[in-house]
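In the block that follows, a single chain appears as structure tokens, in the form predicted alone.
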Amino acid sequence: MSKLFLAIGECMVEMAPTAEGTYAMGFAGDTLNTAWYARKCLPGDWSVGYYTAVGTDKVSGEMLDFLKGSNIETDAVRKLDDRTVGLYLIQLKDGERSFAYWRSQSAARLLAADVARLDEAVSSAGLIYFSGITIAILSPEDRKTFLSSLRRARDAGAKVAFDPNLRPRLWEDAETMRKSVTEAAGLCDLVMPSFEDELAHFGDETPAVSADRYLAAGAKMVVVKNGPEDVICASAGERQTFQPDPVRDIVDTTAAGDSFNAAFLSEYLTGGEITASVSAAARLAGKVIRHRGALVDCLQSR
């Protein structure tokens, strides 16, 4: 198995609130957050890469510099003269976040437009990680291209992990979102949904229903996150439930799921043991949500 963890999606400019009531500029985005934390969690013999598209303007260059400075490989990233990167602003209330977005000209919307470049990027990966946002921002044609590329990479031996991260505002309509996410899940070795999303947009009554639905779609393993409640890990032949330790003094839940995914995947790729993977994931997410912003340097880099 190749020791390259490749995340695919949209990295954005982040404007995050500070304790002083101002905003701090950074770079983040769901799959980038997971890649960033994975680099903190994985041992040094693993590489972490990010595949996306950016512009050729100053802020795009600063974003690439940030990724490189975080020891995330960017050699495959597309650079487009007529596009730039998206931006989002975090708003907080009682530790819960909401977002305002500016992404209509985001270059990442064209990340799958060059199929040869996409195929080359995924061909060297041991683990390919993407999200519902990754496929939501693509055109219907590019979405098909992207999923076909994943199929080829998986047939060639890559593992694929997916967080559905359901965001209806990014989709043409709710039915397209549900169908596309279900199709994507069927291509995956590991699907990592958040029950809050699955309840709201699929109407699942319990996390177990979410796990069963994704297994029926073709996923090999499903890990259902549920905030402070039980985590369910299910496959065709096994089902386990884990209760995370309680977290107090929550400041900002941004990247809770992203960091959970990173730590789980990192531990599972290197150790293969589910209990240890859930423990590592809950522990990291619990640290992250006690700080502001998506990327919290609460682990030593390896």
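Position 1 is the first residue in the sequence shown; the rest follow in order. Owing to the predicted nature of the structure, the values given are computational and were not obtained by experimental measurement.
Just so you know, the form predicted in complex with adenosine-5'-diphosphate exists too; it's not on screen, but the next bit is about it.
Only one of 175-183, 78-86, 224-232, 133-141 lies within 4.5 Å of adenosine-5'-diphosphate in the model of the complex by heavy atoms, and it is 224-232.
Every residue of the trio 244, 260 and 285 has some heavy atom no more than 4.5 Å from adenosine-5'-diphosphate in the model of the complex. Contact between residue 59 and adenosine-5'-diphosphate in the model of the complex is not found at the 4.5 Å heavy atom cutoff. Using a 4.5 Å cutoff between non-hydrogen atoms, residue 149 does not count as a contact of adenosine-5'-diphosphate in the model of the complex. Heavy atoms of residue 294 never reach within 4.5 Å of adenosine-5'-diphosphate in the model of the complex, leaving it off the interface.
Although the partner is absent here, residue 12 lies well away from adenosine-5'-diphosphate in the model of the complex, with no heavy atom inside 4.5 Å. Among the residues 70, 253, 270, 47, the one placing a heavy atom within 4.5 Å of adenosine-5'-diphosphate in the model of the complex is 253. Of all the residues from 131-160, none has a non-hydrogen atom no more than 4.5 Å from adenosine-5'-diphosphate in the model of the complex.
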